[in-house]
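Take a look at this one chain, the form predicted alone, written out in C-alpha cells.
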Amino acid sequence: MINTALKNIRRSPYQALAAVSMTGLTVFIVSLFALVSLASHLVLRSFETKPQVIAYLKDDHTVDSVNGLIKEVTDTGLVKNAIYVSKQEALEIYKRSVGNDPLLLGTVTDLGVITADVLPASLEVTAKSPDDFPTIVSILERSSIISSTPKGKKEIDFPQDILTELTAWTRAIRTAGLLLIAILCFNSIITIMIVVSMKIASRRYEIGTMKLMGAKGWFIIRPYLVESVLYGAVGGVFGWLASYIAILYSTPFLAPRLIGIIALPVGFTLMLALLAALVLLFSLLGLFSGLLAAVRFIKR
C-alpha cells in the first residue's frame, strides 16, 4: 500500500509538489500564527500583572490613612493587589531604572544628589481588568491624601489607552489569523482533492478492472489515502521547518525588545510539540481530502 502510494507520487512529481507546497504554506502560517498568538497573550498578561494605576501621595499622609485607602480600593473586588511605596523605596526604584548615570543621579549637577525627600510616596494598584480602571481611579480621586497638580488635578497615572489598544490589537490578530488559516486550509483541501482525483481518473480503467475482479472499494482507495496523508505530513514538516528558521532569524531583533516578557529563542521542546501537533493535524486534513476525492470516484 505504501509502495503504491510512493509510486504514484513518483509518477507525477509536479502534482505532488503542488500539494506539498500548498500544505507547507498553510502549516507555515498556522505555526507562525500560533506563536504570535502565544506571544501577544504573554505580552498582554505581562502588562496586566504590573502596577496599572499609580497614585502619588501627599507628603503629610499617615500610615492609617494609606491603609484605609488600600482597604477601600480592595473592598471593591476589582483589584488584584495594592502596594504602598515609600519615599525610600521610590528612590531605590529610581536608582535601578537609571543605572549608574551620574547626570540622572544628580551627582554632576548643581542640584545635588537625588535623595528620597524629593521623590513622592505612591500607591500602586493592579486591577483585574482594564475595564475596572474608571472605578478605581474615581475612588483614588476622592481621597484627600492623593497629591494634586497646581491646576487641581489629582496625580494619578494609569495606562488605560495602552492596554485597551493592546487588547484590541490582540483580538484583531487572532481574528485575522483564524480567517487566513481557514482560507488556506480550504485551499489545501481543494489542492489535495484535485491531485488525488486526477491520479484516480488517470487509472480509471485499471480501477474498473479491479472492481470487476471483486476488489473492494476500501482496498482500491487505500494507496490514495496513504498518499494524501503523506502530502499532509510532509507539508507539515516543511512548513514547520520554514517557520522555525524564520523565528531563529528574527530572534536577534525581537529578544532585546521582549526581554523580561518572553524568553527567546523559543524552546526546542515547545517547537517539537508544535511539530507533532501540526503533522498530526495536517495528516488528518490530508486523509479527509483524500477521502472526499476517492469516495466520489469509486462510487462512479
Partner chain sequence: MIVFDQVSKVYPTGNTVLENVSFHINPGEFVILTGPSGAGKTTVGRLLIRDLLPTSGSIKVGEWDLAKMKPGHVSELRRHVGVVFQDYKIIPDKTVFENIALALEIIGYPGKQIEDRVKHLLELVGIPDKKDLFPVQLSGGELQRAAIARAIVSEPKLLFADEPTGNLDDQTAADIYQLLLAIHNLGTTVIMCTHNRSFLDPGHRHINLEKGKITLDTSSSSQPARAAPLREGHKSKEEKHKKTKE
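Numbering follows the first chain given and starts at 1. In this text, all values refer to a predicted model and were calculated from it rather than measured experimentally.
Same protein, other form: the form predicted together with the partner chain, not shown, and the subject of what follows.
> Can we say Lys58, Thr135 and Arg142 each have a non-hydrogen atom within 4.5 Å of the partner chain in the model of the complex?
Looking in the model of the complex, the three residues Lys58, Thr135 and Arg142 all stay beyond 4.5 Å of the partner chain (heavy atoms).
> I'd like to know if Glu206 sits close to the partner chain in the model of the complex, meaning any non-hydrogen atom pair within 4.5 angstroms.
Judged by the heavy-atom cut-off of 4.5 Å, Glu206 is in contact with the partner chain in the model of the complex.
> Evaluate Gly214 for contact with the partner chain in the model of the complex, applying a 4.5 angstroms cut-off between non-hydrogen atoms, and reply yes or no.
Although the partner chain is absent here, Gly214 would touch it in the model of the complex, with heavy atoms inside 4.5 Å.
> Give a yes/no on whether Ala90 approaches the partner chain to within 4.5 Å in the model of the complex, heavy atoms considered.
No, no contact at 4.5 Å.
> Evaluate Arg296 for contact with the partner chain in the model of the complex, applying a 4.5 angstroms cut-off between non-hydrogen atoms, and reply yes or no.
No - in the model of the complex, heavy atoms of Arg296 and the partner chain never come within 4.5 Å of each other.
> Given that the partner is absent here, state which listed stretch (174-182, 197-205, 147-155, 76-84) has heavy atoms within 4.5 Å of the partner chain in the model of the complex.
Result for this chain: 197-205.
> Only one of Met193, Met210, Leu166, Leu119 comes within 4.5 Å of the partner chain in the model of the complex by heavy atoms, so just point that one out.
By the 4.5 Å heavy-atom cutoff, the listed residue in contact is Met210.
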